[in-house]
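Before any questions on how it binds or moves, here is one chain, the form predicted on its own, in structure tokens.
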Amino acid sequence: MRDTRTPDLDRHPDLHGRWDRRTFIRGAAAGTALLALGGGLYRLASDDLTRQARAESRADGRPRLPPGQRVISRLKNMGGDEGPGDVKSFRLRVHGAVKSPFELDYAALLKLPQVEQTSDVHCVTGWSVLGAVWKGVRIATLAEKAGVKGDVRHVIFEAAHGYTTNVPFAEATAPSCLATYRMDGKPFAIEHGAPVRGLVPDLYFWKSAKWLTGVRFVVRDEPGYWEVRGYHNHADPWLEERYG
């Protein structure tokens, strides 16, 4: 039996436009309610995840969630001047105080030893994303290939439009630090640093430079874009090193 609430549009084609508008309005209203409900559920889930994370500890004994952080489900777009974002034009320079500087295109990067790891990340603005799976090449692998000189103390991550950020050499070459091109099995969206970004998960997320173009090894520290604008030079989330 035909639903009598729906007009017979085959017999009355003149009603198509009005019925389509009515259906759209009714669907939009339902969508708004659903979005409001979804928003409420999202907040509840986020609060629950935050409470759970605060009760957990890392292998190094520190709490899983640094102070002042709240768990969200996915990365937020934090802006910045975007790079080209495509794999065809991607080039990564590995240079500085090294014996054998080199440059990689995207295909060459993928030919280096790959790792896949689960890491949490923490933004200086107060949000954290936990348990994401990242894939890429360790910064330590790039350092080894380049033949870093013995007096190197810092790594400068270079990105599109001259952006830089500085990380102590020992921390940048920790096993968790990557030139990464996949998160949870998917390429990065342009706003999150496609095609390749840095990953330094134990420092605030601005140290994980988006639209990566270079990894430069240096003897003397060189504070980067945010560091010279008042942000902390080191950026340890557990010490709340947000500002200098």
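Just so you know, these numbers come straight off a predicted model, no measurement behind them. Note that residue numbering begins at 1 and tracks the sequence as displayed.
The same protein has a further form, the form predicted in complex with a small molecule, not shown here; the description that follows concerns it.
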- prompt: Which single stretch, out of 144-152, 92-100, 110-118, 76-84, brings residue heavy atoms within 4.5 Å of the small molecule in the predicted bound form?
  reply: 76-84
task: Please pick, from Ile156, Val137, Cys123, Leu104, the one residue with any non-hydrogen atom lying within 4.5 angstroms of the small molecule in the predicted bound form.
output: Cys123
- prompt: Only one of His192, Arg216, Arg182, Arg64 has a non-hydrogen atom within 4.5 angstroms of the small molecule in the predicted bound form; which is it?
  reply: His192
query: Wondering, does Trp127 line up within 4.5 Å of the small molecule in the predicted bound form on heavy atoms?
result: yes
- request: Although the small molecule is absent from this view, report whether Phe169 comes within 4.5 Å of it in the predicted bound form, heavy atoms only.
  value: no
- request: May I ask you to check whether Ser208 falls inside a 4.5 Å heavy atom distance of the small molecule in the predicted bound form?
  value: yes
